[in-house]
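Read the single chain below, which is given as structure tokens and is the form predicted on its own.
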Amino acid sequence: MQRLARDWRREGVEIGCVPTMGCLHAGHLSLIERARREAGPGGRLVVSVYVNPTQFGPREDFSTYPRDLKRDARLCREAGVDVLFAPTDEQMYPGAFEEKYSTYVIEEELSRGMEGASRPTHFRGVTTIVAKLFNIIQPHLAVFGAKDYQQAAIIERMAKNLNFPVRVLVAPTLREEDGLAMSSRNKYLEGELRGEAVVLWRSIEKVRAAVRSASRPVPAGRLKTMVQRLVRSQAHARLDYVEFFEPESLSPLAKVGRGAHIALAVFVGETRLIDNARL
């Protein structure tokens, strides 16, 4: 992959990449379409498929995370992807099984709250694997989804701080007809759990309506109570967190007005889902 990337760069070819953990869906395909468009007619497009072990906690779903490389390859071919890069654990973390891997990339500010607080080692794994993919694929641009808003902000910060010559682009969240954000983990949802999962989007809409109708900023505590009650109304749903923050710095807000951002994580059964939106 590195040799191919160097050849393309010597030829002056624009390289776009879309890092994924596979089990591709329409949301991923929208990122691929954006990367293809940004790379231009003569560009090359690389999609990586790698379920990264270092971003999963010890009691998370690494072993059961949905995987279907054959289907992913077919979707990539149909979408006009030039290279599907699907490395092994030994290639990405050489020596890890002999306790010889010890180098990680850590962002220390934007990763503190929300997902960083709930999943303490998660973003260390994310920044490390994305830095490695940038070094291997050597893209001019990389596209990430806005559903993982905090992740995208951290990757943008990492690329800037570490001088990666990569444009980081963030594409809009794609949703199902009922508002549920598209996610590979939606495959876990069966029967009534699928219906209850819409509580994330319903929470966002309810908060958005409350903020828009208020004559002044609304106390964050009041909005959090509103979301907690709505989530509790679902038999199998449990709120992990809901936060309101300034969209550039990710700083938490005590009072919430238009232009603020909401992010929340909810367990629906055993499945942990996240979502976010600008208010």
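No experiment lies behind these values; they were computed from the predicted model shown. Residues carry their position along the shown sequence, with the first being 1.
The discussion below concerns the form predicted in complex with ligand AMP, not included here.
*Asks:* Would residue 47 show up as a contact with ligand AMP in the model of the complex if we use heavy atoms at 4.5 Å?
*Replies:* Answer no; every heavy atom of residue 47 is more than 4.5 Å from ligand AMP in the model of the complex.
*Asks:* Taking the shortest heavy atom distance, is residue 43 within 4.5 Å of ligand AMP in the model of the complex?
*Replies:* Answer no; every heavy atom of residue 43 is more than 4.5 Å from ligand AMP in the model of the complex.
*Asks:* Taking 4.5 angstroms as the cut-off for heavy atoms, does residue 271 touch ligand AMP in the model of the complex?
*Replies:* Outside the cut-off, so no.
*Asks:* Does residue 172 reach ligand AMP in the model of the complex if we count a contact as any heavy atom within 4.5 Å?
*Replies:* Residue 172: contacts ligand AMP in the model of the complex.
*Asks:* Tell me whether 19, 65 and 144, taken together, all sit within 4.5 Å of ligand AMP in the model of the complex, counting heavy atoms only.
*Replies:* Checked in the model of the complex: all three residues contact ligand AMP.
*Asks:* Only one of 77-85, 144-152, 196-204, 160-168 gets a heavy atom within 4.5 Å of ligand AMP in the model of the complex; which is it?
*Replies:* Answer to the contact question: 144-152.
*Asks:* Which one of 117, 73, 182, 136 is close to ligand AMP in the model of the complex, taking close to mean a heavy atom within 4.5 Å?
*Replies:* Filtering the options by heavy-atom distance leaves 182.
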